[in-house]
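Form predicted on its own, single chain, as structure tokens, below.
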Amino acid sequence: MTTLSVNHVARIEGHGDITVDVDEGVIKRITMDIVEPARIFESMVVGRTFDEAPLITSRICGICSANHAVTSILATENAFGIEVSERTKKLRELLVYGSYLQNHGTHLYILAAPDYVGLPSVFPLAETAPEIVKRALALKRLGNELCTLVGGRAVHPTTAVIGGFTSEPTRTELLSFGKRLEEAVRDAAATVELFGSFDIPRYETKSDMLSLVASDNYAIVEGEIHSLTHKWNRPVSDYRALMQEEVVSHSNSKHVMVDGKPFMTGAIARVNNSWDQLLPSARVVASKVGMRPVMKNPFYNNICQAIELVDAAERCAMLCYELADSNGSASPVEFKPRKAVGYGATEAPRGTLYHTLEYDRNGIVTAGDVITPTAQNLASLEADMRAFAPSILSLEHDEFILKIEQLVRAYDPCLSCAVH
């Protein structure tokens, strides 16, 4: 028996190892070992007040902090029966999309691209193709500034609260930002062309793909859970009954199954499930590089993130102009705490994020539950590693390991989130 090990997978968020056991040319075991310790955020919120929960849960992630804050807010509003204004809903979309520009720009260019151009990291790429790295930094900066504009700062937003926002961008700021977002569509389209030009391994996952969907929008904030394979829709409040969390011996993160089977979530699931809701410009650039549903190659998750950049930049520009030219308020609405359970879900850059908060009659949290996208993806990632590895086992050791790591990075895992 030979054991191949990767101690600390590079160019992903968080710390994890890969272990491959090979016996006489046959792979006996392959695992993604999450070695980060548990962070216990679900226990941290217990005993805290309703307005503290979003501030605490946003610390689960530095990239998806806006998603955790908004998802926690949605769970609380669901528990207390709070209805917010249309202006609040649009500002929340802008805030969440800011995290898309932050994450996708960073992941695609800094973490994933070196795999496809034969470089060990982004630093030699900065020397040979500085215009590409400048494009990445521009998209990342735009995301940071969009989150700051709406949420008060680039990470861990402060203005998004239960019932609305404590402050709003001015009309001048919205018009100015709308123009910048329109200009960013060109960089986003170039990103699709770049990743569409790469030599991508041929492989198809057998996993289902789940994401939020809505009949009238590309579902980012709220929606119903949709299965690509089985075509069912389920309300977000069903997620805990639908998904089974399992403890596995080699990982500090649970695995998540539906009906005992792994599934994917993330950009490829969203693009597959909400293709008709993408803006025409995004569908056009996707079609130019041969992308259209149904896509089952998990390596395509990178291209789908790039497609979402096009959609997000143009959609956010439209949202800025709508907000600049409309009246109304996003000021927090009045409400009363009550003893209840609430559920919330948003589409974080890496996939669907679920929160549950249980309250007593004074608005004190009595229980919390969080299921992150990476926790949902880990079982599918391991299943794909096991299925993909035999096709590349004849490669030299270093190249074999590189291909397995390339698959891991295509999933864009956030291991720190997974051990929340």
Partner chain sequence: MRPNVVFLSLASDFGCQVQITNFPELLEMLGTFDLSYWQLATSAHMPSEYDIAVIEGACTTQEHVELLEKVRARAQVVIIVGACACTGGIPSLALNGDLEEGLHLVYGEAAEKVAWGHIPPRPIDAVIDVDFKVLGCPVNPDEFSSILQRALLGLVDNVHRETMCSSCKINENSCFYAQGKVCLGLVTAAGCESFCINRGRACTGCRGIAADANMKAAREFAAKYALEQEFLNGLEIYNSHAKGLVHDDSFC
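Residue numbers count along the first chain shown, from 1. Given the structure is predicted, the values throughout are model-derived calculations rather than measurements.
If you look for the form predicted together with the partner chain, you will not find it shown, but the lines that follow are about it.
Chemist: Consider K254 of the chain shown here, and say whether it contacts the partner chain in the predicted complex, taking contact as heavy atoms within 4.5 Å.
Modeler: Looking in the predicted complex, residue contacts with the partner chain include K254, since a heavy atom lies within 4.5 Å.
Chemist: Please tell me whether any heavy atom belonging to E36 falls inside 4.5 Å of a heavy atom of the partner chain, as the geometry stands in the predicted complex.
Modeler: The answer is yes: E36 has a heavy atom within 4.5 Å of the partner chain.
Chemist: Taking heavy atoms and a 4.5 Å cut-off, does A219 contact the partner chain in the predicted complex?
Modeler: Flag for A219 set to no.
Chemist: Please check if R386 has a heavy atom lying within 4.5 Å of any heavy atom of the partner chain in the predicted complex.
Modeler: No, R386 is distant from the partner.
Chemist: Using heavy atoms only and a 4.5 Å cut-off, decide whether all three of V84, S215 and H230 touch the partner chain in the predicted complex.
Modeler: Negative, none of the three is within 4.5 Å.
Chemist: Please identify, from 154 to 162, 323 to 331, 181 to 189, 261 to 269, the stretch that has a heavy atom within 4.5 Å of the partner chain in the predicted complex.
Modeler: The contacting stretch is 154 to 162.
Chemist: Give me the residue from S281, S121, Q244, N297 that has a heavy atom within 4.5 Å of the partner chain in the predicted complex.
Modeler: Selected option: S121.
Chemist: May I ask you to choose, among L407, V20, I12, I401, the residue with a heavy atom within 4.5 Å of the partner chain in the predicted complex?
Modeler: It is I12.
Chemist: If we check the partner chain in the predicted complex, which of the residues in 39 to 70 reach within 4.5 angstroms of it by a non-hydrogen atom?
Modeler: Read in sequence order, the residues that approach the partner chain (within 4.5 Å, in the predicted complex) are R39, I40, F41, E42, S43, M44, V46, R48, D51, E52, L55, I56, S58, R59, I60, C61, G62, I63.
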